[in-house]
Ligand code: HEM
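A single chain comes next, written as C-alpha cells; it is the form predicted on its own.
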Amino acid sequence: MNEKIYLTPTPVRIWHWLNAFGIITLVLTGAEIRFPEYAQVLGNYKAAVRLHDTAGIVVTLSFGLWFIYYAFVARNLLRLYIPSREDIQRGMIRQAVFYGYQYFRGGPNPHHQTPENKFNALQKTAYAAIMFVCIPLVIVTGVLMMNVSSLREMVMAVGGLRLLIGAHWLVACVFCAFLFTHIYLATLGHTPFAHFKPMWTGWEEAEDPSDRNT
C-alpha cells in the first residue's frame, strides 16, 4: 500500500470547489451574455447576467479566502506559488518532458509532492499566472462593468468600457484554456483519479515509481 500524505487541508478544499464552480458558472453565463444567439445556458439573458454577477461575487470571496489562508494562516503563499530559480532553470523542462514523453513510457514523475512543496515547476507557473494576474484582473474588470455609472471616472481612466469588455473577454478565454488543461493534467497521476481524491478527502497516495512501470 502506498504511503498517504495529508496534502489538502479543509479550507483549501472549500476554496477549490467554490472557485471551480464559480469560474465554470462565469464561463457558461459569460458565453450566453457574449453570444446570446448561440449560447443558450439559461435561455434568459437577464437571468444569465444576474447569475454571472453572483458567480463573480463568489469567485471574489473565494479568492479572499485563498489569500487569507495561504498568506496569514499557512504562511507559505510565496513558497508554494512562486517558481524558484531551480524551477525556472531545470524544473520546467524536466516536468514538460515528463508530461509530453516520459509519462507515456511509464517514467516516474520528477516532482514528489509534500505539503510544503505541493506543485511542480509548471504548476507553480500556471497557478501564479491565474491567481496573481488573471483572477485579480477578472475581478477588477467585472466590478467596474457591474458599476459603470457609479464608477464612470475609473472606467474612463482605464481606457473606457470597450477596453474593459475586451480585457474581461480575453481573461475568460484564458480560464477556458486553463480548465481543460487542468482537468487533463490532473488525470496524469499513478492512477487517473489519484490527483482528484485529495480535493475530496485531503489525502493523496504518494506515487510508487514501480507502479508506473507495471
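Throughout, we count residues from 1 along the sequence that is shown. Every value quoted in this text rests on a predicted model; they were computed, and no experiment measured them.
Just so you know, the form predicted together with the ligand exists too; it's not on screen, but the next bit is about it.
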Candidate site Met131, Phe175 and Phe196: all three near the ligand in the predicted complex by heavy atom within 4.5 Å: yes
Here the chain appears without its partner; judged in the predicted complex, the stretch of 101-109, 140-148, 84-92, 123-131 with heavy atoms within 4.5 Å of the ligand is 123-131
Leu170: touches the ligand in the predicted complex, heavy atom cutoff 4.5 angstroms: no
Using the partner position in the predicted complex, report whether His190 sits within 4.5 Å of the ligand, counting heavy atoms only. no
Against the ligand in the predicted complex, would Ile57 count as a contact residue? Criterion: heavy atoms within 4.5 Å. no
Using 4.5 Å between non-hydrogen atoms, is Trp17 touching the ligand in the predicted complex? yes
In the predicted complex: members of 146-183 within 4.5 Å of the ligand, any heavy atom: Phe175, Phe178, Leu179, His182, Ile183
